[in-house]
Structures are given as C-alpha cells and as structure tokens.
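Only one chain is shown below, in structure tokens, and it's the form predicted on its own.
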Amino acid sequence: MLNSVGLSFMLLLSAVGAAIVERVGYDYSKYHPMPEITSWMTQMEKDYPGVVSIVDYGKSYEGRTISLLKIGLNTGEKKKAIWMDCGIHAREWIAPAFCQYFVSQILQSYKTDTIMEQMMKDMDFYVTPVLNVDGYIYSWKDNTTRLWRKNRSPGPPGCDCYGTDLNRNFEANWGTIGVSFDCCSQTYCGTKPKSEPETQSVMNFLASRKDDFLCFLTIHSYSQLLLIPFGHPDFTATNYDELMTVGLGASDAIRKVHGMEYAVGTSPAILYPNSGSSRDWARMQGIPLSYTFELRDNGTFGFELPEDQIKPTCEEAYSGALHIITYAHDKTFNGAVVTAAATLWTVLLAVGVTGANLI
C-alpha cells in the first residue's frame, strides 16, 4: 500500500514537473511555427484555468481555425475589453512573437502587480497571436515563401496569383487610396470590402460587441511607428488630439526601455496613405483608441528581424502597449483622463519595478 501511495506521489510530481518544464521551456526569444503556437495556446489555457480561454471565432480560406486567447478575471459582471491581433501579414514574424510575449507577461504579473490585477478584473484581453493563419504557415514553407504577405485565397477568374492583403480588405474607405486592384500586387485589396473570410471573422466578432472595446491594437512590422487613424488623408479622427497625446506617451515609454525611437502619426503623415485597414475600421466602429504598431527595425533586416532582437523588441513594445491600455482603463474606470498614472507605471516598468518589488 505504501509503495502504491509512493508511486502515485512520484507520478504526480513527475506530471507537475513535466508541466513546469513545458511552461518554462517555451522560448519567447525565438520564432515559432504555427503548430507550436497552437500548442502554446492550449498550454496557456491549461496553466491558467478560469483566467485564460481559447475562443475560436472564424475560419481561414483554407479552412483553418482562427483563434484568440480571452484573458481576464471572472467578476460576474459585464466587462470592458482590449483587442490585440498579430500576424495579419504573414511575413511579419516579430508580430506573433510579440503577442505571445504580451500574453506571458500579463499572466505572470497580475498576481503580484495590483495595477494589472485591477485591469484584469475590469477588462478582458482578446489576443489573436496569428490572424492570417494560412499565410503564416505558407511563410514557413521554405526560403522562397518566407516573405509572403497576403492570405492564400485564389485571385478572381483569369488571375493566376494568390492572396489578398487583409489589411486593405476592411470596410473603411475601401479601395480609395494606397491599394491595388491588380490581384498579383502585394496590396491587392480584394474584389470587394470584407471579401476574405479572415477579414469577415474579425469584423463579425468585434461588431457584435463593439461597445465593449476600449482599445484596438494591431501589431505589424517594420518601421518603428505608432500609426493612428485615418489612412486616408481626407479624413481625421474626431479624437485626433487624444490619439496623438496617448501615442506620444507610448512612444516615450518605448524609448525608456532600450532607447529606440518610434514616430507617431497618421499613416499619410509618416508612412504612406492607405485604405481598408483594420485600424481605421475599428475607429469607424466607435472604438476610441485604435493603433497600428510597426515594430523593429528601420530596414536593416526588415521583415527578417534576427532572433536576438525579439526580446528587446517585445520588451519595448510591451511598455508602449501598456501605456495605451492603462490610459484606456483609467479614463473609463477612474472617471477622468489620468495620464499621469499611465506614465508613472510605464516608467517603472522600463526600470524593472513592479508591484512585487515596489515596496
């Protein structure tokens, strides 16, 4: 009997140990193919029961499931929400790497950081690590496909090319500027707005609960920019000043981590004009704080950012994203625009101070 109990105990320790090794062993400083990311999502749900849940909200053109992680503390009350998606452009591998890092950090911090704990009580985080699943998998096929950008739907009749640029396919001034109607182009916007199943999935999910979302963050690379609506130069967001102020605060937070400069502005002002972006669509739906993050670098490596830059890129972007998210939270739940609190916390994060060591 004693041997049986001892064996059971040893098996239990072994299982716990294996789980810890699997969790600790996941390397956030490397790029991961889609099967590994899917397994990681499953592990997060297992490691944080009642806090993390996988939500399947769409299908890709090739029939793959599009999933997100819903993260938050259950209070029994209706909650506000934060949206983040990565990997809408397949070749921008640093973006899914950041989404994974972001999830790991908020889950590590909420038990010891009272600010993050409160935010997870008040808001749910909806994080899609890889939106363009088909394209991302295709970009891992071999060296000839590494720089694939679009999804994998076939072109219209008479076109032998594949793929639509999903970030030109949203119903936001669609097809008016900064796009191509050549189906072989990298910026082909599709046959009509919302023509692609991936685009439909995001629009349908968010439109059904748009009043819940305070913030929409879509993560891209490269150029080191924080872009605000709108991509069309003839349109200006009604809260342009707020978007710029918060964005500049996020840029300051980013700079304090590793000294990297991120410019802030509309796409026509600091990059190029475009239409049909998810960022613009989200703002047009009434989500007040909508930003595109263009992560490292400035063109030296471009879309093939070396793995030794993953960690510093994620660390600085995390600080910038938290500045925006903290602002959104404090404005909603404190009843006033509390930029000082957001600035203080992001400065503390930049020097490694959290609720656990603040005392």
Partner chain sequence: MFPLWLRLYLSRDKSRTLRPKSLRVWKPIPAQHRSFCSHFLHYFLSHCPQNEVFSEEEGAEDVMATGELNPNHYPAQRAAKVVQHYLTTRYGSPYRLFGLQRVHSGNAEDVGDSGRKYQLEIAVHEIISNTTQKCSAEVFFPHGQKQESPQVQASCEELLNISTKAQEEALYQQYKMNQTLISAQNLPDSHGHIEPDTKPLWHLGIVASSFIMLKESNENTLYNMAQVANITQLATENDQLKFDCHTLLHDMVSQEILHWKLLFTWSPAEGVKVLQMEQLPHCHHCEKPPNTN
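Numbering follows the first chain given and starts at 1. Quick caveat, the model's predicted, so the values are computed rather than measured.
Not on display, but discussed next: the form predicted in complex with its partner chain.
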item	value
Partner-contacting position among Tyr126, Trp148, Tyr101, Phe213 - heavy atom within 4.5 Å of its partner chain in the predicted complex	Trp148
Heavy atom within 4.5 Å of its partner chain in the predicted complex - residue from Thr191, Ser185, Gln200, Gln105	Ser185
Every residue of Thr65, Leu73 and Tyr110 near its partner chain in the predicted complex, heavy atom within 4.5 Å	no
Exercise: Phe170 in contact with its partner chain in the predicted complex, heavy atom 4.5 Å	no
4.5 angstroms heavy atom contact with its partner chain in the predicted complex for Phe230	yes
Glu304, heavy atom within 4.5 angstroms of its partner chain in the predicted complex	yes
In the predicted complex, Trp93 touching its partner chain (heavy atom, 4.5 Å)	yes
Which of 77 to 85, 140 to 148, 126 to 134, 201 to 209 lines the interface with its partner chain in the predicted complex (heavy atom within 4.5 Å)	140 to 148
Residues of stretch 214 to 230 in contact with its partner chain in the predicted complex (4.5 Å, non-hydrogen atom)	Tyr222, Ser223, Phe230
